[in-house]
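One chain follows as structure tokens, the form predicted on its own.
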């Protein structure tokens, strides 16, 4: 957000801050959310690059299409284990997985 807009909002009584501040997240919680979001994005990109539907990926990992949709949406109810297992099922290497977690 540009500084002028921030000043206008604050002058109108709005409080401007980060999501971390608003949700009162610890640095560790914020990092975990970031990692989950990165893994979800890579999962979606890899699935689409392989021209797989969510249902096809679900069959491959013995899950449901709705679960794959939740994984790709970085839903908190999905375990990191399932996200990682799904990425490995799509052929993701350890190096690629590490790069995704690191945000590279």
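Residue numbers count along the first chain shown, from 1. The structure presented is a predicted model; accordingly, all values stated were derived computationally and were not measured.
Quick note: we don't show the form predicted in complex with the DNA, though the next part is all about it.
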- Contact check for 47, 62 and 82 against the DNA in the predicted bound form, heavy atom at 4.5 Å: yes
- Query: Heavy atom to heavy atom, is residue 38 within 4.5 Å of the DNA in the predicted bound form?
  - Reply: no
- Tell me, yes or no, whether residue 26 is in contact with the DNA in the predicted bound form, where a contact means a heavy atom of each within 4.5 Å. no
- Tell me, yes or no, whether residue 78 is in contact with the DNA in the predicted bound form, where a contact means a heavy atom of each within 4.5 Å. yes
- Task: Verify the contact flag for residue 42: yes if a non-hydrogen atom of it lies within 4.5 Å of a non-hydrogen atom of the DNA in the predicted bound form, no if not.
- Result: no
- Even though the chain is shown alone, can you say which residues of 35-57 have a heavy atom within 4.5 Å of the DNA in the predicted bound form? 47, 53, 54
